[in-house]
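Coming up, as structure tokens: structure 1 and structure 2, two forms of one and the same protein chain.
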Structure 1
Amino acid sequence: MSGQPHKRRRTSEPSEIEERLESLICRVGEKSNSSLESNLEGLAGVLEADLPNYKSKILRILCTVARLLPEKLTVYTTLVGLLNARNYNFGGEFVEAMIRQLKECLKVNMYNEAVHLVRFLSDLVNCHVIAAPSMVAMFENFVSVTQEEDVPQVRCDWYMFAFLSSLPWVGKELYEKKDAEMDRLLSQTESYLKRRQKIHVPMLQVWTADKPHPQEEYLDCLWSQIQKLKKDRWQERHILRPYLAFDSVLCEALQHNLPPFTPPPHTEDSVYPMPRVIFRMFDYTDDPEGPVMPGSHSVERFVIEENLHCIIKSHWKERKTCAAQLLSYPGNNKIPLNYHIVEVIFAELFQLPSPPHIEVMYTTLLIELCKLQPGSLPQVRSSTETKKRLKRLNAFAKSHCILSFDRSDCLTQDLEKPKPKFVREVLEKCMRLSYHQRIIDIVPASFSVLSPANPVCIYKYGDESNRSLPGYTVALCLTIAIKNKASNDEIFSILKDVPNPNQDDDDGEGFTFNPLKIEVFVQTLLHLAAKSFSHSFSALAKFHEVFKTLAESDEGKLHVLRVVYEVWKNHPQMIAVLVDKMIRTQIVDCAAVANWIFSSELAHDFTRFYIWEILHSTIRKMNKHVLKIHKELEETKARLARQHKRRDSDDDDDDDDRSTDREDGPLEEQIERLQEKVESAQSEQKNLFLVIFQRFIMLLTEHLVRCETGGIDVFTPWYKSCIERLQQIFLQHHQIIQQYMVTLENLLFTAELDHHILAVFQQFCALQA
């Protein structure tokens, strides 16, 4: 701000007033010395007075809080109710503004926010702002979407969800005023839910067994909750309803009718939310000392979970605030709040395809919660198969001593079984955050079979006893040369002496694929650079030219990866960072990494966590690469457009065609080049996915055939792990893969495929059907 002083005016600047209004509105409902009711009353008075001058700003702010602060829904509906009672026109304008906002949200696929708006509108019935019959009419239009033909199921699902999820708030009122219509709606709901497809469910479930907590499809669960609510005569006791205190004022107010609302039609651009499965890990048997946890089919459970999810969504960037807000959720002595909080956090962490926020946020949030409530976070009972996120969570959390669980039966089982495998992976992750000796020290002797290997490098030419190995002398030579700061050329000339086991392919002049050359060079270099990541990265950089030449062919790339693995198989983290660097410096490409992961050399490690870390990281790099070039292309096109615009706007002289062409020329060339780059990158990306899927199919088919002919059970731990990894590929990269559906269907996931494998593809298709 400039240092110019100016006279303080008595009235502030308009933008300051807007900030103040926003602040007042946003803060109402927070901890205060006065009661909520008196704060609301006071705020309503202030806003009413400001209406003449700031009506549109107030409308905007209120619409925004309705959309973005759903955890304070009833606070704001009460506020609107009070304003409507004082100023009927304002109430009408607010309702119109909300409808406009709802339509816009639906148009731009903001479905989660649209649900909040629908709920807000429905609660306005309780505040005498909206007439119940007109709300029922809107819900009738929502439910009739299920009668539409040729629309994706997920579209009908959303409208059904918007209707059902508002009923905890307004079910009672609507049923009292329009019971016949509501009964009709509910029976239409029931028949829709019975006939809708649920192929997607297995793919979204976190646990494979239904014990101890069944994982229900989200709409089924919500329906059970609403049915129970209806059976309880719509008595709902959890939601805080400030408007009840103002009943005498509010019932004097005139209500508005919602304008008839036609759901916008389905378009090609419509993207509806994916279905979910409700994650549960606690029930009434947990925490016998404290308040009872509401049952899984109670509407209280639904409301609590919704509100806690909303709090996380509002405050995810501010971990202390988030923790404080979660812990100050009302009803602490009536519900086991800590259990709900932990369950909601894990639900998000395990959400498929991916958590709403970055994983590390959740671990840090748990730490903040522990700081505020030491010793009172519940024990996590984890008795069934768990996924990779819990592994990462565990390692990080262990370094903060949060989670512990009973693992004593790990030792009696085959090491490939989920539990011991899980413990091994967790210990390996813990080691990455500390160091090997520490793990050895803290793991009890009986568990030592689960301890990770000491992450040392294996150099095959290291021992004198290996001097009979082919390439041994060259390795020694190389070692000395590198230590004496040899150049790339000197390295090449030393390597020339390495014979090629594929003798016929060697034309003597160039560097065709020579696995022994690669072996000697890569083994020696990695061994010399073994001290740290930085050493290894510098080695890769300094001898980049040699790498590029040796790994020019596809077989060369594959062999480089093999040697890296041989050297560093005890240190998966090192393998991962080396592969990352080699992709980034274009020593190997993504397809080579994919082929290497599915190669027989890696079969032993195929189900290990780090392999999938590497594969997903590789896919992500490919995706980011495509996006980056695409962005460059768009930016260059925009520059050209701006250039045209500038020329058009100051175009008053006669055009000198040659000069304008000259100006456009370089940019147009650039665009053409970038266009080619984009196409080639997209083609590489598609090829990567095809390779991965193809290899999966081959591997799984082999296993299935072997089991069938041998008469053994298909469902070995390896098989289960492999199928899940395939599902994971689909889920984690679903947006990209959607582009390839036709190819996948026609080329790979055809009807001849074994039904076990085809099912995975079909479940994936069902997610957006």
Structure 2
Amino acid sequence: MSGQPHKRRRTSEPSEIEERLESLICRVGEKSNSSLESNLEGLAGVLEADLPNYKSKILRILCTVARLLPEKLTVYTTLVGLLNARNYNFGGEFVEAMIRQLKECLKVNMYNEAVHLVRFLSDLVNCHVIAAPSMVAMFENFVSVTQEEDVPQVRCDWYMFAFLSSLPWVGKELYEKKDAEMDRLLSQTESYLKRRQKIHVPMLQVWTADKPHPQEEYLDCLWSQIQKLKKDRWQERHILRPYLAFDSVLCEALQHNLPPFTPPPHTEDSVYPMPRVIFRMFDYTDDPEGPVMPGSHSVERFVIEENLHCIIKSHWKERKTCAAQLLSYPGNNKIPLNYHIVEVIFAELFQLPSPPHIEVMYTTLLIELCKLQPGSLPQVRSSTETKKRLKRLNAFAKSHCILSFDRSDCLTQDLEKPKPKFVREVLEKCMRLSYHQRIIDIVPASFSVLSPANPVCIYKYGDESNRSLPGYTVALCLTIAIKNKASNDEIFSILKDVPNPNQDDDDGEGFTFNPLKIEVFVQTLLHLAAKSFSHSFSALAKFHEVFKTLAESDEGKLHVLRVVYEVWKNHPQMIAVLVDKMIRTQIVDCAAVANWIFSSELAHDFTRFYIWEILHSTIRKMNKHVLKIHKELEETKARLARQHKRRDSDDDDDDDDRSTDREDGPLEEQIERLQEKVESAQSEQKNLFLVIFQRFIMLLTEHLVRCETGGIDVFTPWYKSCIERLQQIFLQHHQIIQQYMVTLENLLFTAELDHHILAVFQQFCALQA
């Protein structure tokens, strides 16, 4: 018995030490009573002592933090430098492990993490771990990718970005050791940047004008920053460089050459990062009293923004920690940090095609920043997608009392202009977080024209003055029957009395498309279930069979959606959730929703945000449906493969061919059925996008012809909204749409199409060209 506790201690001790090592490594560089230099020296001593027993664990932790904590890059490169000076073999093993990790990241398309690894390796040159000539050789291989033939531009862009974005850290050291080679690399870089296509830029720009802040393509901006850095003799003033304090120790260390690194070849599975546009909100004139903000072509601006983005990426799940880490950014007394933070947050929020994190995170982060530094965040004064995200931010922020601004000037404008429309949409969105009377109470009376409508149900059979309406009597009977919990058969019996305006098309049973029958039933049911979302959902579920029968045809599905709109036109959220539920329960299909959205009945609401919320939700449902079936197919194929493998590995298997067929038969039949379902679902998906883009083209073409004929300016608020919605569809669903590029180009986006519309398709194609 006495031996058991001793055994337990021995087995738990290694894991405890490993946890302690991980904690020490991850926390180094955080606020401490001791200096960073003394903490690093102490940690290097601890790790050196533990290398004999825990070398693989230490290597794994250091490689992980190099990839996942880039904001502390120079802290960890200094730590590796100190370990290399004490243990040369460990330094070599670490460099080899980093190269292996870099190759693995590139293999699985983790390009953002790969950039951090390249930057980490480059900074190891400053710590005398890696020899400068071998780092230059790696960068030469990166730049040589721009000479490859038949590869997408985005591949060349990534290798160019990985090279250029490392130079703020290591440019000076490389130029001192290998100036001729570096000049040649920079010359090749300039040549590539001059010849690369930038058709994609308009689609990615957040602001529609370049004043007061130009929106530069990300590689062009970075190249300008590197050129200025070179002109300044590679003197950078913002990167924390703790290794300078250990120069006397590090300069004595032996250096390693990087193992030969050849960029992996391009394959069909390679998915490179999309190009970007650099977002700007501020310059040095915005904060005349505080520290001067670095210019847009200053490399310090790039370094600060990169580090702030990295902090958000590392801590976005914990808003309090994230806010605290942002505000404690090193060197915050030398820069207008609050301006940089706000600009970076909005740059992520407005990033196209989508923000890196959920939108509400940015709102909660701003709230935390306001709590920590009340009154000190700069006041913030666009494309359609930008307005949508800012509207959601405003709605949430207003409910938490953090944003306040004067919008009175929008009252003097046409209500279809961007400013009044934006305010109206924000107020409508606020209703989802509040209620109508509350919005009316807090909005000034002068804004009543922009206030949301009272979200009441419009039941046309509820007023006696409408007794002459066709179907009025049936609606009354239907109301009584539903209240008395009538069965589906009883409902069908009542509906038989509704005359069909399309009499010639009606069959003997009376269940073919009958618009009046749909109106009477849907109007009455939604009116009776108008109390809440839950009541409406229950009504859809209870009378699902009736809905399916009435909406059996494409015209029936479309008319059900029309009636939903007529009943709830003053309650956009109710329309959105009902359409969502009807798609889920297969009362209507995705193509019907798309056709309804582009129909003349919705022309008045076509530029309203809720309409596009419904369309994007519909597309996402279609995409999820295809992915779900495809996943089932792959899993079934994997089961069959495992079954074959087990049988092949069993040397004693005496089963005859008939038993093999019996085992494989059900799975093979299931695979065949699933393949048919996948093909059918993909056909529906392609048809959905064809419907959407065809209707876009029809609407935009009609507008362009009307303007040309009447001598009217093409660029109306409606046109700008519509063309940007087209861009939004392409951007938000780009991964799926790329599968159907050839079909779209051959059927819809042909050379004969008006250049205003065709330009959007060409910009989209350029994103992954």
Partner chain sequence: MSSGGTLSILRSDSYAELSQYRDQHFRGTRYDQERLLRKSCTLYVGNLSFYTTEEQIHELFGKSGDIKKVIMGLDKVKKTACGFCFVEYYARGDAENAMRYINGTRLDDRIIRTDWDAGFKEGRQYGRGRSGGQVGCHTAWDFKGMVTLPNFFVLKEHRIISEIAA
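Worth saying up front: this structure is predicted, and the values here are computed from it rather than measured. One-based numbering along structure 1's sequence throughout. The term rigid core refers to the most C-alpha atoms you can superpose between the two forms while keeping them within 1.5 Å.
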Any idea which of the pair is the form predicted in complex with the partner chain? 1
Rigid core superposed: residue 287 CA moves 2 Å or more between structure 1 and structure 2: yes
On a core-based superposition, does residue 19 travel 2 Å or more at its Cα between structure 1 and structure 2? yes
Threshold 2 Å Cα movement between structure 1 and structure 2 at residue 598, rigid core reference: no
For residue 370, the CA shift between structure 1 and structure 2 after fitting the core, in Å, is 2.3
